[in-house]
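Single chain ahead, by itself, as structure tokens, in the form predicted alone.
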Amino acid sequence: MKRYYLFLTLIPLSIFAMTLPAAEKTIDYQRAQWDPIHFQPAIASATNKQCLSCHQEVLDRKLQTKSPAGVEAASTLAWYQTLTSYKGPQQTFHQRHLTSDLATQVMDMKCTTCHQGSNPREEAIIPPDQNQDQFTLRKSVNPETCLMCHGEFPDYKRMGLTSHWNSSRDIFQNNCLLCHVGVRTTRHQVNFLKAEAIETAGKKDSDVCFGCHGGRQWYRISYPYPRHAWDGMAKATPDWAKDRPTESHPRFKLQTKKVSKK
């Protein structure tokens, strides 16, 4: 008696999700997680409106009025409230980055600024076609993105300070632009920041500058910011900056409008 065996090839569910007619796409978790918008190239051009059509709860969520120990939130200061640049009550993570007064004033954050998709295939193993450097293992955001604004205060010795900004700020009249008005003047030219608004606000309150350069530190290291060329920049590159990039990551570059030639 002959026996016949049926061998099934494992096919990613994303293939089926991408071929489903729009009318058949019901809002359920299994289909939603494989929706093309969660993968490249669709995620790169996704708008906040598209993301929030399913994830609106990240902005609607409210904070607890009391901690598990019974401490009232209104009577305490969160770490981000210790800087004078933050106004108002405590807010959730996404509210602070998208809808807070400071965020709307000096930032132009989008969902895709931090989130570059969510591939269930990458939850526990590194697929053979996946670049090791880009693999983040269940992290919904690449930590390097967070490091850009939540790193340690850069080495004060490089900047000629006598000590950390926390203790030397009074020597410089608590004004970052006292020196930086003519040093590294090509700054904040990325698509998730409002460069002119930062300069204007920084003149009034140095915590606007310090907030993203050590004031809201999450990490023990600082981000190696690109050294964009500026007017009056020395030709010789200091040793500590020889490995620094000279351009921002392509994903964060400002899009320049092409002028048509007639």
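Since this is a predicted model, take the numbers as computed values, not measurements. Heads up: residue numbers just count along the shown sequence, starting at 1.
Unshown form predicted together with heme C (HEC); subsequent notes refer to it.
Asker: Quick one: does H164 come within 4.5 Å of heme C (HEC) in the model of the complex, counting heavy atoms only?
Answerer: Looking in the model of the complex, residue contacts with heme C (HEC) do not include H164, since no heavy atom lies within 4.5 Å.
Asker: Looking at the partner-bound form in the model of the complex, is D231 within 4.5 Å of heme C (HEC) by any heavy atom?
Answerer: Output for D231 is no: heavy atoms all beyond 4.5 Å of heme C (HEC).
Asker: Does R244 make contact with heme C (HEC) in the model of the complex, using a 4.5 Å heavy atom cut-off?
Answerer: Output for R244 is yes: heavy atoms within 4.5 Å of heme C (HEC).
Asker: Does heme C (HEC) come within 4.5 Å of any heavy atom of C179 in the model of the complex?
Answerer: It does: once heme C (HEC) is placed as it appears in the model of the complex, C179 has a heavy atom within 4.5 Å of it.
Asker: Of Q33, Q217, S67, Q40, which one comes within 4.5 Å of heme C (HEC) in the model of the complex, counting heavy atoms only?
Answerer: Filtering the options by heavy-atom distance leaves Q33.
Asker: Does anything in 146-168 come within 4.5 Å of heme C (HEC) in the model of the complex by heavy atoms, and if so which residues, in order?
Answerer: Stretch hits, in order: C146, M148, C149, H150, F153, P154, R158, M159, G160, L161, W165.
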